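One chain is shown next in C-alpha cells, namely the form predicted alone.
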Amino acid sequence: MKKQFVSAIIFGVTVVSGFVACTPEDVQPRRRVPVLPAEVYDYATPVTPTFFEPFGDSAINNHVATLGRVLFYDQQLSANNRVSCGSCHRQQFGFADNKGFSPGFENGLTGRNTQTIVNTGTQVGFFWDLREEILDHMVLQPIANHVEMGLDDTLLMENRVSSIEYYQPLFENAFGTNEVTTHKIGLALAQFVKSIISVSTKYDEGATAMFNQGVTGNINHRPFPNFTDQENFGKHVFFLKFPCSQCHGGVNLDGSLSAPKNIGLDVDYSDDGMPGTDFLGRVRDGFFKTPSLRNVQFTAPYMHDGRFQTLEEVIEFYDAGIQPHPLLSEELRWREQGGLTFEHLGPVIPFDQVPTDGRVLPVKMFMTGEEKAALVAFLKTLTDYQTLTDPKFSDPFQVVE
C-alpha cells in the first residue's frame, strides 16, 4: 500500500527568494515550502504506451522520485538559498534554459548552455564534455559547482537537509529511514531526473503506430500515418537525404549512439570541449556531446555556447556555415576526404582539387527553401507538451509570507 502525504506541507525555513542581490533592510524574508499531493504521483508508468524503454534498465520508485522532485527545486541546496537545479532546467523550456548561459547562486554565468535532461535513462554520458557516465553522480556536481550552486561541502549539505523538517517523512517514505546522506540525495535526484521522460510527441505517436502495424525495417524511412505531407518530407530530409540522423540518432535523437562530435562551429574553439584525444590519437578540440532534439522547439538558444537563437539559424549553419576545422567530424566532410555524407550531397570534387595539405573541405548541403521549412516542421513533431506541463515534474514549492 502506498504511504500517504498530507495535502500540503506547511513547515519550512526562512529563505530569501529571487535572483537579485538584496540587503537585509530592503527585503522581507519569506518561506518556501513544498506542497505535495496526498497520494504520490505515479512516476513509474509512462503516460502513454511507447515503443522504447524511456527509463533504460532502471525501475522508478515513486517515493524516491517524489523526494528527488523536492530536492530538485529546493533553493536550500545552494550556498546562499537562492537557486535550485530547477532554476536552470526549466520545465516550460524542455528542462533546458532560455538563456545562452544560466546565472548561478551569485549571478555568475555558467560556462556552457544548459542542456535538456529528458530521457536520461536512454543516455550513456552527461554534460557537454561527457565527463560523467553515472547519473547519481552527475546530479550532485551542479550543487557543488562554484558558479552554479556553490554548496561544495557535502557534510554541510547533509546537515542542512537533515535540519529541514519536511524532509524527514520524505526520506522515511523513500528509504525507510530519515537518515540523510549524500548518497541518498544523489539517488533521489537521479530518480526524479530519470523520471522526466518524453514519450508523447507526434513523432512517438507515429512510430508506435508503425510498430503496432507490424512494419519491419527502419520505420524512419517510411511515411508516418499521423504526419502531414510536409512533416513526412521533413522526416525524409532528416533521415535519408541529409546526414542529420548520423549524429542525432536513437530514440532520444541525441548522440548516445555515437561519439562526441566536432561540427565545425569554429576553426579555433575558445572552449575545447571534451578533453583527451580522438581514436586517431589527435588532441581533441571542439568535441561536444550531441544533445537530444526532443522539445527542441522550446530549448533555444542552441549549441554549447547558445550562439543560435532559432531553428532556422541552426539549419542555415548546417547548410552552408560549417567551418573547415581539421578535426571536423566525418559526417560533415566531403566524401573525397573520408567523409560519410551521402553521395548526392553536392558535386563530386575532382581528385586533383582535393587538398593535400591537411585543409578540410566542409560539406555544403545545398538545401532548398522547401527542404529547410520541412525540416523545421519535422523538428516540431518532437515537441512533447505532456512533459512541458505535467504537474508531477513541476516546482512543488510555494512562498509563504
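Residues carry their position along the shown sequence, with the first being 1. Everything quoted here is computed from the prediction, not taken from an experiment.
This next part talks about the form predicted together with a small molecule, which is not shown.
- Contact check for E331: a non-hydrogen atom falls within 4.5 Å of the small molecule in the predicted bound form.
- Among heavy atoms of P243, some come within 4.5 Å of the small molecule in the predicted bound form.
- For Y203, no non-hydrogen atom is located within 4.5 Å of the small molecule in the predicted bound form, even though that partner is not displayed.
- The closest non-hydrogen atom of R222 lies beyond 4.5 Å of the small molecule in the predicted bound form.
- Q123 is the sole member of Q91, T208, Q123, Q75 with a non-hydrogen atom lying within 4.5 angstroms of the small molecule in the predicted bound form.
- Taking a 4.5 Å heavy atom cutoff to the small molecule in the predicted bound form, the contact residue among P324, P169, P103, G321 is P103.
- The partner is not drawn, yet in the predicted bound form one stretch among 308-316, 210-218, 277-285, 160-168 has residues with heavy atoms inside 4.5 Å of the small molecule: 308-316.
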